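This document opens with one chain alone, in structure tokens, the form predicted on its own.
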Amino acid sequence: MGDTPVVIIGGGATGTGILRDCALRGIDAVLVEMHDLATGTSGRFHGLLHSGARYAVKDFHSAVECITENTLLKKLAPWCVEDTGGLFIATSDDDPAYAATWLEGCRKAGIAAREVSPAEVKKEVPLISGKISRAFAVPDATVDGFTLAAANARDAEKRGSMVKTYARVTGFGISGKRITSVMIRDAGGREEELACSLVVNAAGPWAGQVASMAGEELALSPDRGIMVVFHYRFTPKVLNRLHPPGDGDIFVPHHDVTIFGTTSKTVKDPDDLTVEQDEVLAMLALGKALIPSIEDLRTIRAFAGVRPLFEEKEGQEGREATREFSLIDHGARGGPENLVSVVGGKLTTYRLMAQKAVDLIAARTGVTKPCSTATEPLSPPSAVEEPGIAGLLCECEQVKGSTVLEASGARSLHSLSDIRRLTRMGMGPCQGTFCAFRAAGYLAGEKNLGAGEAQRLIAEDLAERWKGVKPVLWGWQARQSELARRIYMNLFSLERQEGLKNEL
């Protein structure tokens, strides 16, 4: 390859996984991401590390990949996984024959499924429906997509790779059948041209847009799903409804909250992250099958993510599309001979997706060193804090000032959201009401930001969080939001800042 690196486009779990795999094999690589790491699909899902049981009937190959990678990640990066276990629960309203079909699929895929009694489930999850007919324990778990992507990037950087965040790809330099360079523009509008030996398109739902810059067409089907966050963790295990995968049938305990998902709606624009209150209410109605009192629980936020589903056959979209991933060698299709796209898949299988992509890169470049990500442990992106209340900025997630300061020094810091993704600051029940201004003040003191910059950080953070609060403004959440609004508007005079009044 000479002195020109592989350029990886996309800073989600797959892109950062490819970067780390390249680094471990001695392949020079640069990753470019248009926002911060994991701001796309990898940071906008319910946090479920799939056992594969959800796909055991309809998507068998995906089920096998999930249980294999689930087992590996629990061993290699236990710090970002909570091994909660999961339950698949059938109610008297579900088809009793489906359980037998599902059990056979789990058996063939190698997914352990142990039947537990309704009484055991009720003891663990007091809010569960009294209409349970059967329940099975499976090795589901939860995973933090933000720190997983950050850890892969940090490990690769330590080995000599480069990461450029807030760097949007604007085009390619092409000579004959080869891409010779990648043009990027940073957040300040500065242009840069990166020479490249090969380009890996791991841009998730934006992969079609990236491919089109090289004159290629990808049959991607952006698929939007919404999630609702409850203010506390009312289940210790992942809860799945035992029926064909559908909307509103998964509850995931994630740190101090519970995330409920999801939906499936094909959208034209991968940036379409809208959540309408009608969608939230419709999903809550579906959730009553497992949690009858769901509409009485306090919802604190709703958000959306877009899945990059790949349409191999016409008519396959939404729930009908496979959750398997595809590796596309554009040269083999008559396109640029040094462009590879990785599409589809799930966060659970990100390591395998990266391995297959780098296997192809290695074959193209004569690198013979094999993949080692299935045996090489992955370290956390930052030091683990000592417990204690001294220096706490965020009580909900127990985040200290020292951790915030360390996160603020990582790459390009543009907002408190960048810190939140690395630390979970502001993701707990108060949703940043009390820690956002503390963090802004703390950073102003430690980094000499000045009052105006600190106020900008608070204002932008509130505007970002407001997007998730609006669809769930009723009951206690409405009261909480009014308290937060008055604190920030009146005490910090944010209403005098242009552009904020209408948002908040």
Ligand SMILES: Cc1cc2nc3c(=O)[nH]c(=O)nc-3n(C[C@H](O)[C@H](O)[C@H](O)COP(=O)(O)OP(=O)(O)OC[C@H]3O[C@@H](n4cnc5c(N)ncnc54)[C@H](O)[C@@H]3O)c2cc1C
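No experiment lies behind these values; they were computed from the predicted model shown. All residue numbers refer to positions in the sequence shown, first residue = 1.
Although it is not shown, the form predicted together with the ligand is what the next lines describe.
If we take heavy atoms and a 4.5 Å cut-off, which stretch out of 286-294, 112-120, 130-138, 164-172 is in contact with the ligand in the model of the complex? Stretch 164-172 is the one.
Exactly one of 77, 302, 103, 213 has a non-hydrogen atom within 4.5 Å of the ligand in the model of the complex; which residue is it? Exactly one listed residue reaches within 4.5 Å, namely 213.
Let me know the one among 150, 407, 306, 425 whose heavy atoms come within 4.5 Å of the ligand in the model of the complex, would you? None of the other options qualify; the answer is 306.
With the partner left out here, if you bring back the ligand in the model of the complex, are 52, 63 and 328 all within 4.5 Å of it by some heavy atom? Answer is no for this spot.
Taking heavy atoms and a 4.5 Å cut-off, does residue 22 contact the ligand in the model of the complex? Taking the distances in the model of the complex, the answer for residue 22 is no, it never comes within 4.5 Å of the ligand.
Answer yes if any heavy atom of residue 223 is within 4.5 Å of a heavy atom of the ligand in the model of the complex; otherwise answer no. Output for residue 223 is yes: heavy atoms within 4.5 Å of the ligand.
Heavy atoms within 4.5 Å of the ligand in the model of the complex: does residue 240 have any? Answer no; every heavy atom of residue 240 is more than 4.5 Å from the ligand in the model of the complex.
Verify the contact flag for residue 420: yes if a non-hydrogen atom of it lies within 4.5 Å of a non-hydrogen atom of the ligand in the model of the complex, no if not. It does not: once the ligand is placed as it appears in the model of the complex, residue 420 has no heavy atom within 4.5 Å of it.
Can you tell me which bits of 197-228 touch the ligand in the model of the complex, meaning any heavy atom within 4.5 Å? The stretch touches the partner through 202, 203, 204, 205, 206, 210, 213, 223, 225, 227.
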